[in-house]
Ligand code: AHN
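We begin with a single chain expressed as structure tokens, specifically the form predicted alone.
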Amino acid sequence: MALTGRSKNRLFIFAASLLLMSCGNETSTTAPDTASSAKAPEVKKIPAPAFNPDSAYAYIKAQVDLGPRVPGSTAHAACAEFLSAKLRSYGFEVMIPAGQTVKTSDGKQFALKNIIASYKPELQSRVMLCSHWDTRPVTESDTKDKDKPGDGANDGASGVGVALEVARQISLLHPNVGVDIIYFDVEDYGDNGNEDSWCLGSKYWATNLHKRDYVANFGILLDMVGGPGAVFVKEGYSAEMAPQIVDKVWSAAERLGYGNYFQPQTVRFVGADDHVPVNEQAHIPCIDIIQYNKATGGFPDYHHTHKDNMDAIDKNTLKAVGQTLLEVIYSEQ
């Protein structure tokens, strides 16, 4: 049948419509899925709060006022209660695992009191701060009363106090990550010349984690972090086992203007300390912020003496260390 002119026009319009519909369908099937390709919202960086050195100083003095925290002593038991109560008051879940014992090199056996505090334990991204909270039973580096314990203001109490002030700040302004504060017990009961006799609390924890498959992004050990004019070099073992964490912390200190405290050279001067089992047994990259004595190439001259009292604590040093820690924690996602 022959088509009229009007029929031809209608056929042309119909064909053109089909072509446009086809092109439209093709475009819709190949267009990107905006719902699936949308980027996840970025987590907002929270500016670090201001670390209060007066508060940290008060926490250190509170420990010292209890007396030497030698394992098995009344002061040791009282300090465990004080620290646990403070951490709970700042919203941390606190445990002291029961039934754990360690034997020292002189044959004594102690009930181990590792104090483990967790902020938002459900979060997978975590930062771990640690310090030892016990004091040494003797002051063998002194010239008198060597068989008596000292205050342990810097060697032990300073790291505990700084971490406690960090916990207080976390309770006021919540970071984007979980934070664990672990106070290791029976660190300072070792024999000089026998590295295996030190750090019994951290060694036990590293092989008997408080939580199955516990892991943290990294750990920072605080040991002697309150001395006047303290210098913190990049401790050799830390630089070897966790160089990226050393760089993270030292870079933060430099940005904040604390480069005179956190100096760039690497020095291996620590034998045994709590970060070693954290690295080697728990497999968590952990560094040691510990005071270095340039004059002796070792520890401060008041180390393991009766001079390690509140005179060995300086608020400016506490501020430098504490503010650096907060900067690192609040920069984590």
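Keep in mind the model is a prediction, meaning the values are calculated, not measured. Each residue number is its position in the shown sequence, starting from 1.
Not on display, but discussed next: the form predicted in complex with the named molecule.
Proximity to the named molecule in the predicted bound form, defined as a heavy atom within 4.5 Å, holds among E235, D180, D188, E165 only for D188. Taking M224, C79, V160, I220 one by one, only a single residue has any non-hydrogen atom within 4.5 Å of the named molecule in the predicted bound form, and it is M224. Taking the partner from elsewhere, A282 is found to have every heavy atom lying beyond 4.5 Å of the named molecule in the predicted bound form.
Contact check for Y261: no non-hydrogen atom falls within 4.5 Å of the named molecule in the predicted bound form.
The named molecule is not shown here, but in the predicted bound form it comes within 4.5 Å of a heavy atom of A272.
Although the partner is absent here, W250 is not a contact residue: none of its heavy atoms lies within 4.5 angstroms of the named molecule in the predicted bound form.
Residues of 290 to 317 placing a heavy atom within 4.5 Å of the named molecule in the predicted bound form, in sequence order: F299, H303, H304.
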